[in-house]
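Presented as structure tokens, the chain that follows is alone, the form predicted on its own.
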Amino acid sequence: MNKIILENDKIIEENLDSSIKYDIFTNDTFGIASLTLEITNDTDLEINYNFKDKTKLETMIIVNKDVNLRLFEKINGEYAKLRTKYYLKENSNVKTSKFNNIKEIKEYTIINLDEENASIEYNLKTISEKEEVYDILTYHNASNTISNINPNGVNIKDGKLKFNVSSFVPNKIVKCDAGQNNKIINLTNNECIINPNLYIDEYDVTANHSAWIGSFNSDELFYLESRGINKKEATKLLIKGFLTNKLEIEETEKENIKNIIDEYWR
């Protein structure tokens, strides 16, 4: 698998083949580092972001015509402002699996489905123990494009988790499919917010969204407790399932995520 490891706004390790072209530079005026990735052939890519200091970073991902990208992103650290922009060309397909393990983050994601038959499945998983705000905007700029946006989070301790998710289909852009599945498991009394928005200016489109905030189903907990599992361990098992579901990653990575979850509930 292709892999990039960043510490704050610097690449400290990369192992990339010819299917990926990249460049990174810092805008001296605004002090924001920008990482550009161009995907030229079918590939898998892992990006590890490690934010030890307060960091501002922009990542641009360009996926060329007829290219399939399976992307796994991991974010670790203290605090970050992160902006990610996707540009998908004709017949390209992206499957993003993203796991965030960071104390505070403001993340702005813009997805541009620029040419026909471009599609993306975007799966975000996060544990929020302080303040996390995610803005995810998907623009269907061409007909016959598909988006499936699935931000999921677990809110704990002093966490305040907010998802602002918007999908746009303008007039005369037809045969599109715009879907959202937004879900927060709130294990606190703190306020969590989901703002799902569909801006659809064309009739010949399939569009839907769901937004759910709450705790785990009492029947699920009862079932596990009836099998001799105490409530704390039952909750942890459900969290592990929730935060690894739909992630298209290796089993070793799923185990790593489960180990991270264990650290929160020791």
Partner chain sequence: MHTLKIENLTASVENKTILKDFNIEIKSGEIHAIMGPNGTGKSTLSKVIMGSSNYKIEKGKILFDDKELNDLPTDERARLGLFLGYQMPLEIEGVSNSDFLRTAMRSKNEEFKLYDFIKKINSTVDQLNMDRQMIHRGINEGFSGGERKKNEILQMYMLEPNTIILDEIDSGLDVDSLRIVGENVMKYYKENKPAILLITHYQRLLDYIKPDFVHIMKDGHIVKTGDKELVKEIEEYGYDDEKLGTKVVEEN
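Residue numbers count along the first chain shown, from 1. Note that the coordinates shown come from a computational prediction; the quantities given were computed from them, not determined experimentally.
Form predicted together with its partner chain: not shown, discussed below.
The stretch in contact with its partner chain in the model of the complex, judged by heavy atoms within 4.5 Å, is 231-239, chosen from 66-74, 231-239, 197-205, 43-51. Although the partner is absent here, residue 225 is a contact residue: one of its heavy atoms lies within 4.5 angstroms of its partner chain in the model of the complex.
In the model of the complex, no heavy atom of residue 10 sits within 4.5 Å of its partner chain. Using a 4.5 Å cutoff between non-hydrogen atoms, residue 246 counts as a contact of its partner chain in the model of the complex. The shortest heavy atom separation between residue 21 and its partner chain in the model of the complex exceeds 4.5 Å.
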